[in-house]
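First comes one chain, alone, set out as structure tokens in the form predicted alone.
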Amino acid sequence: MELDERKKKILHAIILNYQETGEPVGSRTISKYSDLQLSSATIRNEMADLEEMGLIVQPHTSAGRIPTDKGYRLYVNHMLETAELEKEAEPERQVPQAADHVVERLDRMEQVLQQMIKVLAANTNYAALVSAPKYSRNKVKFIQLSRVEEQRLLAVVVVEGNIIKNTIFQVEESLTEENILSLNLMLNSSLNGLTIEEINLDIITKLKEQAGPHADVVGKVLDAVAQAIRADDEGLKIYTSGATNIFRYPELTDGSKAKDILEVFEEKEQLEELLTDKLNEEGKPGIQVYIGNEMPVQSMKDCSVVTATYSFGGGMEGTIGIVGPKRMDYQKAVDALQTVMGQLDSMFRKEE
């Protein structure tokens, strides 16, 4: 939606005033903005146009106007474009490959993340949340079949992030070393670099056809691959801070709103839905803002959330975010997240 400069300034003025006061904004208040130099009558006409466009609404007769979700969205998009926050994703950095180093570093970074959101909540007066880092692109890296006993095989499956799954299983027939070598070559050439979603029925059928009398072995190896890929997929660990900050905003404390929002922060299941189903569905880099009805959680329709995806490389990622009322100070929230992301990036580089 394109607005002329006058309408943009009036819309921004309404939003900034409403962010500060939480009260509907009238034409006389807007007319006091020196850079506008417009009469109250002219401003009322422009506000009527903005209301017809669905960008502002009059909550009560004879009251001023407040922004709609659509109005906030236009404002936020303009803010992000002006700040040039939509940058191309940085090239993926290489991380140390030792699995024990990764685990040790993850434990340390989770502690850092928990401290960061406490500071984030305190500095913004909103609620803050962060998901612990997870491997988001688990792909098969290597499969090794070897004999343990005459009719027992060991399958070692290595997936991205150096997650290793060892599975010993019984086979009906005796396999020669040549059979095992052939199966290793076939499995690695067919599955290397694939995610669990990409290992579809067509691939499985072709593998079993190629294996011939050893199709049962292929089936058991595929089960081991699925278990290895899903080993780190037991749900997000989510940490929160500052949930009680919502009591600072009257529009979030009406009726049962505050109780419902606090329950979301306490129970975490809906926060996981918020992070997985909505915030990561487009895989966009940089800062993202979700407003009101864009939120998948019903009890948070009066809130907005500003998020960023952090990365420790190698597909190890998480989401950090700020939750507040729809009239939150978006620029302040974005600036705070930018600072945190810069700190995380600096710490990550030191870890390398």
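All residue numbers refer to positions in the sequence shown, first residue = 1. Everything numeric in this text was worked out from a predicted model, so none of it was measured.
Keep in mind that the form predicted together with the DNA is not shown, yet the notes after this line are about it.
Residues within 4.5 angstroms of the DNA in the predicted complex, judged by any non-hydrogen atom, belong to 55 to 63 and to none of the other stretches in 290 to 298, 320 to 328, 304 to 312, 55 to 63. Heavy atoms of G26 reach within 4.5 Å of the DNA in the predicted complex, making it an interface residue. Proximity of T68 to the DNA in the predicted complex: non-hydrogen atoms within 4.5 Å are absent; the residue sits far from the partner. When contacts are judged by a 4.5 Å heavy atom cut-off, M47 counts as touching the DNA in the predicted complex.
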